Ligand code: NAP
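First, one chain by itself: the form predicted alone, in structure tokens.
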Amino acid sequence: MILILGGTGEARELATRVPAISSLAGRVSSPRLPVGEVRIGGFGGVDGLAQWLRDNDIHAVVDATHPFARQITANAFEACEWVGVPFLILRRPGFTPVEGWHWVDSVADAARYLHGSRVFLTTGRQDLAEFANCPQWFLARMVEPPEPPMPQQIEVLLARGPFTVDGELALMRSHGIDVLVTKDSGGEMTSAKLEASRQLEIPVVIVRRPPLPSAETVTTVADALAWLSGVTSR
């Protein structure tokens, strides 16, 4: 049996190709569920995940979580090392860099660097607290309603991608956006905002991905399938 971590598009696609248990963090109330068996919620840290792998006779783990889901990736890598289960990271490529983007190492750094007066913020609801003391006006787009603390001047837009360039152009124009803050999540579902920013000549502040553990890493579902074929045939 294979364990697939993550609710990304890559994780859902992989679940259609191999018999697996898919694990979702449970942070979204109505997630897009993959086919097959699904479990929702945490494992209880490294110890809990290691025991779960033993109890369920897992033969391989593919971490296809969001590129910024740093903690579960670290925990899964360590748990698989303990138990001796083959571990693979499946990460879509990041966005193709554009000259003029300002790269930062964290959301906190993005808040400290922030210029402009009307911000389009797409880093997710869990990061809103980092901007709580910023004086700018924010249009914050996310899937789930946020909780305080958050910026004093904020309009929350609940929406789930994919988004179109035309839609993003209209949104930024109608709200007078003069800076975009986002993460290097990669993928086509949310890349339209970057093209719209380029066309409107709006500055972009983009958060780098956190470093990965020293595990084998691939960027496509096809490569993950090839890896699984190799480890499960041993």
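Quantities reported herein were computed from a predicted structural model and do not represent experimental measurements. Numbering starts at 1 and runs along the sequence shown.
There is another form of the same protein, the form predicted in complex with the named molecule; it is not shown, and what comes next is about it.
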Exercise. For Phe68, is any heavy atom within 4.5 Å of the named molecule in the predicted complex, or not?
Worked result: yes
Exercise. Is there a non-hydrogen atom of Phe43 within 4.5 angstroms of a non-hydrogen atom of the named molecule in the predicted complex?
Worked result: yes
For this session: Report whether the minimum heavy atom distance between Gln153 and the named molecule in the predicted complex is within 4.5 Å.
Result: no
Exercise. Heavy atom to heavy atom, is Gln126 within 4.5 Å of the named molecule in the predicted complex?
Worked result: yes
Problem set entry | Partner-contacting position among Arg208, Arg39, His175, Arg198 - heavy atom within 4.5 Å of the named molecule in the predicted complex | Arg39
For this session: Could you work out which of Ile21, Val18, Val218, Leu24 is the residue within 4.5 angstroms of the named molecule in the predicted complex, going by heavy atoms?
Result: Leu24
Exercise. Thinking of Ala110, Val179 and Thr182 as the candidate spot, does the named molecule come within 4.5 Å of a heavy atom on all of them in the predicted complex?
Worked result: no
For this session: Tell me the stretch among 30 to 38, 60 to 68, 186 to 194, 164 to 172 that has any heavy atom within 4.5 angstroms of the named molecule in the predicted complex.
Result: 60 to 68
